[in-house]
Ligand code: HEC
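Next comes just one chain, in structure tokens: the form predicted alone.
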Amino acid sequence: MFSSLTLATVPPLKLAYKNESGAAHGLEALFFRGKAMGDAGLSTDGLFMLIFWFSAFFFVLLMVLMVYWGFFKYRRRPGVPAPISPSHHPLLEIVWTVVPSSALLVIFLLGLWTYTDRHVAYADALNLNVKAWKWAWGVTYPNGAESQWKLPLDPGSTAMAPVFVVPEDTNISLTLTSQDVIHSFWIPDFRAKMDVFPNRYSAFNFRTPKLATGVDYQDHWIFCAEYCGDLHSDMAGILRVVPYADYVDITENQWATGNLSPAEIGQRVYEAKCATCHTVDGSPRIGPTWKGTFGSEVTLADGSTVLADENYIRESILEPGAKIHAGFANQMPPFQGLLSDAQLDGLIAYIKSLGVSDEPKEGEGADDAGQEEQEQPPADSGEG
């Protein structure tokens, strides 16, 4: 196993909404988990409260009028004939049309301005490429670096959430795309949500908050807000806001590939993109384990077998539906065009480093009668 940033060396989770500066009070605590971060988040909260109070006011007004008119003023009395209802009242009809319509127009314009502000990129924005797949998020930085940090999704949980760092008090522009199905990139603290589609790009912009004096970093949860399959609830990430100097150090030094060996590069790619579905210790997960895969005879869904050499591993990463591993469904997204040559070669080298299968090859006289494949739940088809 190659050296990597262990859990102990990743700074622990420090959620913004649990700090005093991010704690909510009063109605804010009732409706929202914490304070909105950034001007766009504050605008969203303001619009939400405007709609709430507008709706609450007219609901109470109409209910009071309905009770007063229905039970008191116009209730049926013995011996008094029911009055004939007027068929037309122009002034009343104009009022109840113009007043609500004018209010709704104001709400529409405020919503349009808030929405547009999230979609118009700032001239000085830091552009990050965000990719979604079942069931993880990946962020590529301008220098090609990718996150190497992960933290548990919950205390004691085996599910891990990647940590993405961004500098404080900076305009951020996200270019989002999906490798498989529709996902939704959601940062609750920023009141930000944007659908992520396959075969097209969507954009999202926001400004990170300025860290308070004495605060070295703060974290914000990222969730998928669009149901996308079995492990949808595990598809989370952490947006970590850090000082600009720390951002440069992390992305340029700690996460840069530098002089890493191919296998070390492959391990980083595995931890960033593949660990959700595959293990390297032989235990079952969504997809086949990588331990001892190289050099083994893999049984395919059609009953045939194939040698797990470099060509098979490469094909399974780029086109996982070409040869379906027996016992696993064809639901792994293809990585064709999503990995550089160095990353692809690194993955192959990393899988080879996990151990060569000692199973005898066909024609070597091995007795296969006592060999049994470990059953695993249906999931990915390939090794990538």
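Predicted, not measured: the structure shown is a model, and the values here were computed from it. Start at 1 and count along the sequence shown; that's the residue number.
Not pictured, yet referred to below: the form predicted together with the named molecule.
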Among 30-38, 59-67, 43-51, 344-352, the region lying within 4.5 Å of the named molecule in the predicted complex by heavy atom distance: 344-352
So, in the predicted complex, is residue 290 in contact with the named molecule at a 4.5 angstroms heavy atom limit? yes
Though only this chain appears here, would residue 276 touch the named molecule in the predicted complex if you measure heavy atom gaps against 4.5 Å? yes
Tell me, yes or no, whether residue 133 is in contact with the named molecule in the predicted complex, where a contact means a heavy atom of each within 4.5 Å. yes
Should residue 312 be classed as touching the named molecule in the predicted complex when contacts are defined as heavy atoms within 4.5 Å? yes
Option touching the named molecule, based on a heavy atom within 4.5 Å in the predicted complex, out of 126, 211, 280, 298: 298
